Structures are given as structure tokens and as C-alpha cells.
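Coming up is one lone chain in C-alpha cells, specifically the form predicted alone.
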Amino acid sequence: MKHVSGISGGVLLLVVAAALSALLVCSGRGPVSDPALAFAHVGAGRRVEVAYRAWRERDEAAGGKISVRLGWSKAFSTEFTRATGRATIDPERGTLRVEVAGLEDPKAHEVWLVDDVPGPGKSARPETGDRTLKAGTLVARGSKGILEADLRDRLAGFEVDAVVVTRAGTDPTSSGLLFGTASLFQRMARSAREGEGKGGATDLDRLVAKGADLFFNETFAGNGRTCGSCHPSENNLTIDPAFIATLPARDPLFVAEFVPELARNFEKPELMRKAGLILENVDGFDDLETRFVLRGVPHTLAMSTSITAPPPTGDEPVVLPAERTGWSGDGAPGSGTLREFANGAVRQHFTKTLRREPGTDFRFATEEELDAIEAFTLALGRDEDPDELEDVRFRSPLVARGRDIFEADDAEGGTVAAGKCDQCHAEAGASVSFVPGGFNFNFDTGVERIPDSMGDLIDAPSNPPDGGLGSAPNPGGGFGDGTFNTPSLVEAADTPPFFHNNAIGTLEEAVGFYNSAAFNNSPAGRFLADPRTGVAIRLDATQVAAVAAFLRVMNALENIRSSTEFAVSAKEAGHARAARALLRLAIADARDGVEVLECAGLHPAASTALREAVSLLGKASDACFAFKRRARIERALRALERAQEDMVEGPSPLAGRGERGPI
């Protein structure tokens, strides 16, 4: 065998091969700006599976009936209405029952079922080519419109994708008042009953990855915005003035500043830039000049834990929205489901002109795209709320006291103040504790009555009152009943400003708000008031700081959980570019943990460990060889563990049911 400079030909080939491999791996180095690539490898479909199993248990307990709530759809309705309703389909018996409240003349309205037929240029909107079935005409029964129909001979082979209430003599492909759609889980259950069908989602990882690509990259033939324009992955899926200030002048978020057709009544650019407020026409597009509200952008983390609406009570035919997706719970149009959020956002935010003509100004998503976006959104963040926080051994006495105040409903011997926070934020999540079932409620906490909110200080005439949930005129201004839904607090420290109108800038100030007259005089404050004093909450400054410290540590623990998950997935990734995309998100979470703690001087040792993790994850991203990348990730994971151990003794309260990794 020939030798070259003392190196065997075989060894030389190995060296050259290794060098070429390194060159190929490193040639793709540089920033990976597409988070969709990361979610294609993170295995997040398991979270959707966990949520689906929990939903399926409830569905089977309810007899497997398909229940669809009906409401005015910002995306699809051809005229505005305040009417709401519910359609219940029993697949076994082939029966349909529809109840609608709020129609002036119920018998002048018909109910249609729609089976979406995919095809070129088609969308989830009822269109020519879809299969439609007129179920019947509503009859007046008291104040409601009722339809009871036996469809067993007509439902064979018909997959109900949407229920539509139209005016008599029209059909859902040309007009419609009330819309409701089958959810991803209902479509998955239908496929399980009928065998693999068009609603199936057997490969949830692939579905989540497709949803991530649509969420961050798809413009839907509109003005250039994507879902990620307002929910960027690098800023905890929300935007705020500090983040907005980093964007280039021609970023699609600013289309109102450089597209003449969107210069008026599409956004309020100054309020967007200075207060992070986005214009929303939640009560219809009939009066763009005066009928709008300005709201902050809620993050989309842990939505599977926070969107369950309470069931109807008494004779109410329906409680809308069906799922509480932010702000006053009405972040989504129509029946208010997470699925409908996407097409409502497309019509509101993606349009090229204020005519909002589908097919010209934008395109609507297809049913398959809605499946993917819904799956992706359900996969974001935690898959469950913390459990038994009273048993968590926090190492900081300040944090432990904050936890006790947070959970106390009454003063205990005068030693622990009653924060009563747990009443509406059970286990620091978004569900109430006074009704079992993990339901998210709406409350009027007096936020709209805060004096000197940032939006009013910047431009009060352009910042009208927000009436909250619903569309009836509010005596205090705007439209709605004055209530707003409860957000999760686990992610709060990461996602300022606070409340639906971005009125408060820091976590400590947000906790302090509940000492204010605005809260204590509000309906929610009166509900929680101590009958002896008439005061709901009264915390000293040190107690406010303790509650905020508790929430900051909870947020930092969630940062560690998320960073660990992305890092573990990066270690397992077979492709360097995917690994770097995952590491980018792991680094962002670890950095957030540092910021959350250091803003209040909490746990300096944990901050140091988190900084070490950031450095190691960065070096792992720069590594040309997989073995080096994995070794550095292992060291980063140990640093993340040390950060957690500095904050809590024992397991983290934020492990999650679907998580991997050492935490």
C-alpha cells in the first residue's frame, strides 16, 4: 500500500471525508431565522396527543355528540349580528338540534351543514363545489329559534365541517350570519370512528411542523404579514414597544405606514409603536372610523391549559366564545374557537385594502391548513398547569411568602395577607379555583377605569373605551359586558406590558393594581370583598414584591423547562441546521430566565448558571461536529439543572406531562 507523507491512503481518505463533512456541516452555519425548522424536530406533537386524549375522555363521557357553537364570524359572515347559538349532532342517531338566541325572526332563517371538498383555490369558507345540506328552518319557541331534525338517511358519507345559519332563501356559499366549525379534535375523533378520513391527523409531529411553517411563513396572499408578525418566536410569541423598536421600517407590521390603502382605519401607528397596541374590529367592519378597539397582543403559550370556556348554565343556549383565546375571550371570531382564530386574523390583519375581499386582498386558509395551525398552537408552551404549589419547596423565603400570599383566600391569624390570586389563577394558571373543571372565566376587574393608561396618555381620542366581551352597547363606553378573560400568570414576567390594553408596564405594578380603587370598586373586587371590611385585597409594598418574586421564579422555572426541551431535541437532531434552529430557541428561553430574575435581584446563583447555559448553547450551535455539539449541550443541560436547584428543592412544579429531558 502506498503511503503519502507517512499517512496511509485509508487514513487519508478518512481525514478528507471528515474535513468534507465538517465543511458541509459548517457551510450551513449562521443565524437560523426560521423557527418552523425547529418545531419540525422538537416532537411537539406529543402535547397535542395529550390534549386530545383528555378531550376524548370528556367527549366519550358526553356520548360522542358533535357540539358546535355558532356566532358572527369576522371571517365568513356577510352581515353583522349579535345572535348566538349551538348545534348538536348525534352521529349515532343521525339527529341535529340547533338553538339560536338573538334573532328578531327565527322562522326567517335556515340551518345548513357543510362538507368541505378540497380542491385548487378552495378554502375553509363554504364555497361552490362543497357539499351542502339544508337541515331545515328555525321555528320560534319562546325567545329562541329551534330546529330539531332527523338526518340519519342524509348524513351517510357526509362529514360535517361547518354549521351555518343563513337567511331563508339563501345558501352558505353566498351568504351567512352565524358560523361554527368542527375542531381538530372533533375531526380526529371522526376519523377514528370512520377509519382514515380527510380529517385525520395521525402524524401529529408532522402536522405541528406544517402548522409552524404556516404560522411563521405564510402570508395568505395578503399584505406580507404572517401570524408571526405579531407572535414572533424570538419575543415569547408577543410584541411590545421595545421589540417593535428593533424592527426595520419596511417590516410588514408597519404596512399602515407605507401602503396608502391601509393608511386610515387599519392601525394606529403611533399607538402601535409606543404602546404595542393593535387595532381590532371585534364588533364588525360596518363602521371602521369609530367602531374599533386597541389591544395588546396576547402570547400564544400554553393555550391548551387556558382556553376551556365554562359550560352553559340554566336555559342559556350557548356561552360564547366556545374557547377563550385572549383579550375579552373573543380573540377568535364565529363560535370563538382556536381553529377560527386564523381566518379571523387573516381578514382583520392580512388584507391589502379595507375592502377585505377574499381572493383579491387575501386568501382564507383551507381546512387542512387550519388543522395544522390549530395543532401547532396547541403544542406551544406547557401542556398542563402546575400542581399542588403549596407543596413546592422554594429556597427563597421571599418567594415562599409570595406563594403563600398568592394562594391565601383569608388572612390566617394575621400572619399571611390574603392575596386571593388563586381564586382566578388556580396554581398560577388561567383557570378559576372556585369551579372544578379547569374553566377560564371572564371578569370585570376595573382595568378600563385605570387613570393615565399609556394608550390614553399617547393619544386618548384614538384610544376608545373597550367594552369587553360581547357586542351590546356598554354604559361605560364601547360594546360588551365589561369583562375580560383570565390569562396565565406562569409566563407573565416574560410578556409585559400587562392587561388587554397594555396599561401597566412591570409585573410589580401589575400585582399592585389589585390594591387599587379601580379593582376594589369593580364587580370582581366586590365579589372578592371581605364582608367585614368591604375590601377585596390590601397588600403592603413588601407583600406586593413577594407575590411578584414568586411569579418571577415560576416564570424562570418555565424558561428552564422550555430551554431544556429545545436543548434535548437539539442534541437528538440528526441535522446540524435543525439543531441550530432548536438551540436558538433554547438560548432565547435561558436568556429570558436571566432577565426575569435579574430585574428583581432574585437568585444570583441561578442567573449565573443560566448565563453559563446560554454560553454553552451558543458554542454548541457553532460546533462543526455533532459530537462536540452534543457534549456542549450536555454541559448546558447540567447548568440548567443547577439553576433550577438554586430556586427549588426537589422536582420543578413545571415538568409537564409530555416533556422529555432531565428536568
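From 1 onward, residues are counted along the sequence shown. What you are looking at is a predicted structure, and each value in this text was computed from that prediction instead of being measured.
There is also a form predicted in complex with a small molecule; it is not shown, and the following applies to it.
Participant: So in the model of the complex, does K571 come within 4.5 Å of the small molecule, heavy atom to heavy atom?
Facilitator: No, K571 sits far enough from the small molecule in the model of the complex that none of its heavy atoms falls within 4.5 Å.
Participant: Would H425 count as touching the small molecule in the model of the complex under a 4.5 Å heavy atom rule?
Facilitator: Judged by the heavy-atom cut-off of 4.5 Å, H425 is in contact with the small molecule in the model of the complex.
Participant: I'd like to know if K352 sits close to the small molecule in the model of the complex, meaning any non-hydrogen atom pair within 4.5 angstroms.
Facilitator: Answer no; every heavy atom of K352 is more than 4.5 Å from the small molecule in the model of the complex.
Participant: With the cut-off set at 4.5 Å between non-hydrogen atoms, does T325 touch the small molecule in the model of the complex?
Facilitator: Flag for T325 set to yes.
Participant: Just to be sure I understand the contacts: of F498, F479, W112, F185, which is the one whose heavy atoms reach within 4.5 angstroms of the small molecule in the model of the complex?
Facilitator: Spelling it out, the residue with a heavy atom inside the cut-off is F498.
Participant: Would you kindly say which of V547, V164, A209, A124 lies with a heavy atom within 4.5 Å of the small molecule in the model of the complex?
Facilitator: Selected residue: V547.
Participant: In the model of the complex, does every one of E267, T445 and L489 come within 4.5 Å of the small molecule, counting any heavy atom?
Facilitator: Judged in the model of the complex, E267, T445 and L489 all sit within 4.5 Å of the small molecule.
Participant: Looking at 243-251, 571-579, 85-93, 292-300, which lies within 4.5 angstroms of the small molecule in the model of the complex, counting heavy atoms?
Facilitator: Looking at the partner contacts, the answer comes out as 292-300.
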